[in-house]
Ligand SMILES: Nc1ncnc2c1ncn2[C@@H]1O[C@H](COP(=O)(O)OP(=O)(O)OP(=O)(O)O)[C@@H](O)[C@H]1O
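Shown below, as structure tokens, is a lone chain in the form predicted alone; questions about how it binds or moves come after it.
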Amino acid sequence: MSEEAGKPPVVVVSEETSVTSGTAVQEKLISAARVFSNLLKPTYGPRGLDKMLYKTNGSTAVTNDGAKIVAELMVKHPAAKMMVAMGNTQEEACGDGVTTTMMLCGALLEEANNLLSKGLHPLTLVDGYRTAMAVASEQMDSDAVDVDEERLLGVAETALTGKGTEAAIDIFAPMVRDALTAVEESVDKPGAEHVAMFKIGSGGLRDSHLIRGVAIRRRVLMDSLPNDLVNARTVVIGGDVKIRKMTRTAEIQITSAEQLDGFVEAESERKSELAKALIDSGANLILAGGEIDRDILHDLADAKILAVPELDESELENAAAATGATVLDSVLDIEASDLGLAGSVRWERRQATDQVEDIITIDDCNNPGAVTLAIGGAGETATEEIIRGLHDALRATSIALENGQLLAGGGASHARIAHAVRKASENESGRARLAMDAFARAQETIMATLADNAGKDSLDAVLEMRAAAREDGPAIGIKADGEVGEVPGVWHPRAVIEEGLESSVETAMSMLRIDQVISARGD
């Protein structure tokens, strides 16, 4: 009888823990990733459909933006969480291309699953994918073109297509381009953070326009305050414009009328000093982050100075950036160099209710550091989707300006990558060649999805694209109607396509390297 007989077994994990090993691990992970990828496929391209997201708090959102959908989903599966992390990385890095990245990762894993079922080792797949990615980078080097004015407009149009902006894309695309070029001289790297969004709340999409400055919703306190200012010298105050309260509790004992008069007169003189400092500065426009004393406000109105109180921090910063002003802590610290210049300032009185506030527009600023896109339309849900599309277009266009290289869209670049990888695989003697061919087939999911969402036969589109990729000449891709042809105005920043491809490949390889899943929950 052995020494171990009769001894209880060694318990390392709880009884609820489940351990999955072998090929079943990859099958489960790949299956979950495929579901996640297929969820986003119908939203892809100019003919993509929308998803309605019904949240736990009862609110709804209608969107086909991959980043928005990924952010709202309550994901539990570990593979799906890896996909979400990949999508978030793509959104943070480029602001566009999340759906493309998700689809490519799902396609890479699906192709890998087919080869795993035939006995190919996961690490062989990883090696093949890594080699194929190097070939893809070389192909992008040869296909990339430089940015010019026309192509930059194409980048904005491509990013906006399919985002609910088609009815006014001829207005929105130039707005996006002009917004970034307007701030180019004042900031190091023009980006979406230098462009604010403002909902007009009325009219239609074609009423949208670019404001070379900021628009603010605040109540104008007095009808006598000036309007329609031109070349207004601007002072931006970060705090209150009033007498500061004492930090300690104090009692003042007044025993005569003369003492009361003296106390009131001293307070009035202090207010007059603050008002005089503002008036003597030569300012025509005062923007404050806190309250403005009523007496001071009357003095400013008499001096034909427009004063707007209680702005939040972002509004103050945007106004200062647009006008070139310095945000000051105290009224008494004003110097000539702290003043900014607003080309035009006007305010529009709205109905006097608690919900509706007046609209104050600071426009026509010279070399503004911040601008605003004013979006027309009265529909809240539709306007939110348009703003998401404009934000993606701003991110994509700013990346194009920064990096200076573009790749053709409509699946043209992915078709060229697939062709290059297939050609390179012919020189590969080992089993990694199978993985490289799988990588090439995964690229074709872009063309197939574009054609399928447009109601065309995806197989015919892929075969036509394969033939077109072998020829030199203009970019051939899937057009908006699903047909294969030239796509001269469809451009993506190289960084968007390259980052998306690298992220999808890295995530796919990470999943393929997992050989065991240990679940403490037992599922």
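These figures come from a predicted structure and were not determined experimentally. From 1 onward, residues are counted along the sequence shown.
As for the form predicted together with this ligand, it is not shown, yet the points below apply to it.
Remark: residue 43 counts among the residues lining this ligand in the model of the complex, judged by a heavy atom distance of 4.5 Å or less. Under a 4.5 angstroms non-hydrogen atom cutoff, this ligand in the model of the complex lacks residue 443 among its neighbouring residues. Contact annotation: residue 479 falls within 4.5 Å of this ligand in the model of the complex, judged by heavy atom distances.
Residue contact check for residue 97: one or more of its heavy atoms lie within 4.5 Å of this ligand in the model of the complex. For the options 422, 212, 163, 194, the one in contact with this ligand in the model of the complex, meaning a heavy atom within 4.5 Å, is 163. In summary, among the residues 29, 461, 490, 469, the only one with a non-hydrogen atom within 4.5 Å of this ligand in the model of the complex is 490. Here the chain stands by itself, but in the model of the complex one stretch of 341-349, 268-276, 361-369, 405-413, 405-413, has heavy atoms within 4.5 Å of this ligand.
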